[in-house]
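Only one chain comes next, encoded as structure tokens, the form predicted alone.
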Amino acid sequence: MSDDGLSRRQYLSTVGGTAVTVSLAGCFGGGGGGDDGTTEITAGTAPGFPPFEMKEDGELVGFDIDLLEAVVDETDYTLAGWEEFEFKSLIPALTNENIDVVAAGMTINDERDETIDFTDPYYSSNQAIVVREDGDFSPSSLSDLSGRPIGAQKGTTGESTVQSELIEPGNLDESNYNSYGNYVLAVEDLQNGNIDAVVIDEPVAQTFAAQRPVVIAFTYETGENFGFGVREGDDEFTQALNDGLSTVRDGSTYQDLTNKWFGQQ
């Protein structure tokens, strides 16, 4: 990533569920432009999903942050800044033209594809079930979660898994499900004994397990793919991002970022 990419990081803290505006530049839907004549775009993300996006010493960092900056650097667009939201608010922010692209470990699925478009996939994942390291609960399948207080982040594949695989079939009472604005809060509740398990994307679970007294009990295969979210109809921008992503993948940058944030792959 270029030095210019690093200098753009002027972030503020998220307060509640409201967005934090990092740049006053308009989204390209409103015609914002850089000094060099390029079109400026604003990205949106949801911190609390390490190692994809998180705050360290007040700075927004992570795999998604570095990857999108590298991808945009390969296009004729300029990344003006980032805005932070709760995950469930990202798609409305995109469709309302408050941001131009979502970089937040967002799974490509049919429901979201009805409202927004996606770039080509940039990462694949499954769901992991995380429990306390020193606890006596050791589930090995989703059915073992029946009757237990379970947590996930609002609007995520983890929440969808709980709803479709446990609550809807009648294997888990709705009252046993706890939703959170971000996974940091969910894992903290797990550590404090308020819930017995968290359903979360596997690479994020691995990061929490390396940093906190929690472990992955088992993995539930979903075969999901992450993509950058874009507005429907922004075909030129979407193609530019796809071309930039392809360039980043073909070179060493993608592997370098993968090694940086996930360890040697």
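Values in this document were obtained by computation on a predicted structure and should not be read as measured data. Residue numbers run from 1 along the displayed sequence.
What comes next is about the form predicted in complex with a small molecule, which does not appear here.
For the options Phe63, Phe226, Phe208, Phe237, the one in contact with the small molecule in the model of the complex, meaning a heavy atom within 4.5 Å, is Phe226.
Distance criterion of 4.5 Å from any heavy atom to the small molecule in the model of the complex singles out Ala46 from the list Val198, Leu68, Ile41, Ala46. The small molecule in the model of the complex is not approached by Gly151, whose heavy atoms all lie more than 4.5 angstroms from it. Contact check for Trp82: no non-hydrogen atom falls within 4.5 Å of the small molecule in the model of the complex. Of the heavy atoms in Gly135, none are within 4.5 Å of the small molecule in the model of the complex.
At a distance threshold of 4.5 angstroms between non-hydrogen atoms, Thr119 is out of contact with the small molecule in the model of the complex. Considering the small molecule in the model of the complex, the lone stretch of 101-109, 143-151, 166-174, 188-196 in range is 101-109 [heavy atom distance within 4.5 Å].
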